[in-house]
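This document opens with one chain alone, in structure tokens, the form predicted alone.
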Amino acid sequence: MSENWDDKKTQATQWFRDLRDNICAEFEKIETELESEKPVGKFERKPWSRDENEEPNHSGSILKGGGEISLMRGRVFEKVGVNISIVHGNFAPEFAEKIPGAAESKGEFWAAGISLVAHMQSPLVPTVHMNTRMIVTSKGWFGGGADLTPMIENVNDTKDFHAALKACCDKHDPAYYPEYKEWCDKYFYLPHRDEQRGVGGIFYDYKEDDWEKDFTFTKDVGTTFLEIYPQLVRRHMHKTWTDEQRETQLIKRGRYVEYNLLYDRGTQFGLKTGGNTEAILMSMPPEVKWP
């Protein structure tokens, strides 16, 4: 990997850290705004490292670097994780074949990113996922997006979430939103059930057109998420819900589990490169049911 990537890696890493801090601060503020007998949630941070790794793991990859898990359980957020990671190493040969530029880099890679999943106490507040990342092999690119999974769909929430993401995309290129929306719909799909995981959003990957332009867009995706999602939380978090709605929520979460364990590329990437299992499976809900 070329030395000229060093400054770019530093900039991206700092942004992911800053975005993590801003999201955690806003979510902790939301926790204080709900009157409840339950304690106000606070994020607990847990660093992890693989710097001692010298030998290939079970999949044949070597992973070094580390990250930090930020996890909160509270009165509004039943479980929310906001994780960052900065890792490097070598892909196993069979995995390197699937990653752009990895064959040319002889399996060497660097990756950094932020990953967030929020499971809410109220079934009226939608679950959300957001992830942005930068990966370098012999090539360097950005990927990520944000998508919404309501337990009980609210058409206004869906409309406003998509409108915010469209406005974000349109600032950079009017062609982005329709392309990335369609990509999201195809990506977050459960073929064994023939259904979408949620109501979509945007998803993009292998974005390597112009580093400055792509980095600016990736930052705007994170900023847009931080603007729109708290609005949706505050819109519904004070409302009461029924036992029947809670039951619907728990069953819907089962679909989330099925998708992340069976199909999610981020989960597969983390497990195959020897990432931190606790961080990788942070997306699992705290309570779930299957009918």
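Each residue number is its position in the shown sequence, starting from 1. Since the model is a prediction, treat every value here as computed from it, not as a measurement.
Same protein, other form: the form predicted together with a further copy of the same chain, not shown, and the subject of what follows.
A.B. asks: Based on heavy atom distances of 4.5 Å or less, which listed stretch (222 to 230, 237 to 245, 37 to 45, 258 to 266) is in contact with a further copy of the same chain in the model of the complex?
C.D. replies: Checking each option against the 4.5 Å cut-off leaves 258 to 266.
A.B. asks: Against a further copy of the same chain in the model of the complex, would T10 count as a contact residue? Criterion: heavy atoms within 4.5 Å.
C.D. replies: The answer is no: T10 has no heavy atom within 4.5 Å of a further copy of the same chain.
A.B. asks: If you check in the model of the complex, is D6 within 4.5 Å of a further copy of the same chain, heavy atoms only?
C.D. replies: No - in the model of the complex, heavy atoms of D6 and a further copy of the same chain never come within 4.5 Å of each other.
A.B. asks: Could you tell me if H192 has a non-hydrogen atom within 4.5 Å of a further copy of the same chain in the model of the complex?
C.D. replies: Output for H192 is yes: heavy atoms within 4.5 Å of a further copy of the same chain.
A.B. asks: My question is simply whether R73 lines the interface with a further copy of the same chain in the model of the complex - judged by any non-hydrogen atom within 4.5 Å.
C.D. replies: Yes, R73 lies within 4.5 Å of a further copy of the same chain in the model of the complex.
A.B. asks: Work out which of K79, K166, K207, R133 lies within 4.5 Å of a further copy of the same chain in the model of the complex, going by heavy atoms.
C.D. replies: Checked against the cut-off, the match is K79.
A.B. asks: Where, within 255 to 291, is there a heavy atom within 4.5 Å of a further copy of the same chain in the model of the complex? Residue list please.
C.D. replies: Heavy-atom contacts within 4.5 Å come from V257, E258, L261, L262, Q268, L271, T277, L281, M284, P285, P286, E287, V288, K289, W290, P291.
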